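Here we start with a single chain on its own, the form predicted alone, put down as structure tokens.
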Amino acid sequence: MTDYKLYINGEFRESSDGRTFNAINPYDRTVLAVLPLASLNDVRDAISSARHAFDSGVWSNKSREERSVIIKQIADKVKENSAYLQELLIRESGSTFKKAKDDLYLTYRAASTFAKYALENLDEKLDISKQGVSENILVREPVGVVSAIIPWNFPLQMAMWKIAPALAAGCTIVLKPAPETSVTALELAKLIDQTDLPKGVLNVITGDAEAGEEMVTNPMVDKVSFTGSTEVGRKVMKLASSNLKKITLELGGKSSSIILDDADLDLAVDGSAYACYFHMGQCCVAGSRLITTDKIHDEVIDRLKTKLSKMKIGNPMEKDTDIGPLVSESQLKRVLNYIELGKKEGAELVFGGSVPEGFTGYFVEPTLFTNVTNVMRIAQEEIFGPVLSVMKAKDENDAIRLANATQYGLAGGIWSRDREKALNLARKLRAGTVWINEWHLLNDRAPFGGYKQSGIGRELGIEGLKEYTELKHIHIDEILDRKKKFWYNVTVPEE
């Protein structure tokens, strides 16, 4: 087990009160590492460090070119250590080998993308007056100190989704990973410490809800960037309102995969299975609702059952494993409770639903329910596990109605051979991302976020970069004769 410490003001240190907690490997329940648990004083020190670093201008005053070079150094460190990070990610989170490999590439790519975005001049001129009267400039400035709180399902990607745009904008940052997956974040801190990033610009602490509350309410923090459940997101929003911090919330989802009658069923069924069961369903954009019509329903179900029967449940370190463990015992209990709830509500369990034999970790079989109605809790609530609920729609318009009849609006998908029809229906879905004949394909150059209770603001892309800035309007007046000012006869006494 590697020795891990908090990363505050460019230094690695133990928790000030000596508290620790264990990182557990979800595959076999063994202790992966003993980690320091940050005290409130540690959290405050990290925030103070970020505040001092920002106010000193050691980062925000650097040129765009200088910031870009250092962010690229971070990207290169991830790439150079990708094999080691991949192994840690698997052992920490239960990610399969295939999924973890993609995670490392996407983490590197996000850092590389924002290294390029750091070069962008976001200032722009406004043509709102007649030429020769005034010049108007919109200036984007770094928002300041950022508190970033990330979930456990994609710990490395989520860390970089916060760190890279914050740094590109000129901000300083305090990052708190989820307790279940703090190892890779602290490992990332070690790598970033080897770059030319000035001390105090990035701070990484571990912690529980108490630490998170301090990060959200501390008056030295200017912005909160939170990714997690809608329930916790509501609490974050309330706490941040105490001094009106800027917030970005990427929250839960209950996304619908709609298979139209004209779809290529080979593509649509495989894609819908991938939509739901990727990373054991532990994805905010998981396609956990599948909507079909009577015409193709039975064939879709038969194909899905065949597909699920061929998925390999096993050691996530093995390259051919399709289904690994859930992240924790509490998550396993949550998923099993929803499976029992689905049965009680009257849905028909047609595949899976049990804990597979022969494993000591947090495993559950990929699960498929049919005869699901849209009022059932398994159709409305985010389970965050490998549970797919299938519903029938009368026609395409009814499918859209069912898909939109949820509090969430993070993502959705449509499977069809008719591009124009699919595009027309995609415009009717109340969701921040809609895929046509695809799923889970997020691009760090495109904005990502949700409608309704799936969040506020956007991550990734130029829009995501702007979330870490404040917008200033500068008016430069070119009428220098005071008697020609529009206000001269209003406020100035006659001479």
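Residue positions are given as counts along the sequence shown, with the first one as 1. Since we're looking at a predicted model, the values are computed, not measured.
Only in words, not in the display: the form predicted in complex with a small molecule, which the text now covers.
Put simply, Glu187 is far from the small molecule in the predicted complex: not one heavy atom of it is within 4.5 Å.
When contacts are judged by a 4.5 Å heavy atom cut-off, Ala83 does not count as touching the small molecule in the predicted complex. Residue contact with the small molecule in the predicted complex: Lys176 places a heavy atom within 4.5 Å of it. Within 4.5 Å of any heavy atom of the small molecule in the predicted complex lies no heavy atom of Gly412. Among Thr373, Asn315, Gln407, Ser229, the residue placing a heavy atom within 4.5 Å of the small molecule in the predicted complex is Ser229. A single residue from the set Asn153, Thr96, Ser389, Thr172 has any heavy atom within 4.5 angstroms of the small molecule in the predicted complex; that residue is Asn153.
Residues with any non-hydrogen atom within 4.5 angstroms of the small molecule in the predicted complex fall in just one of 105-113, 250-258, 265-273, 187-195: 250-258.
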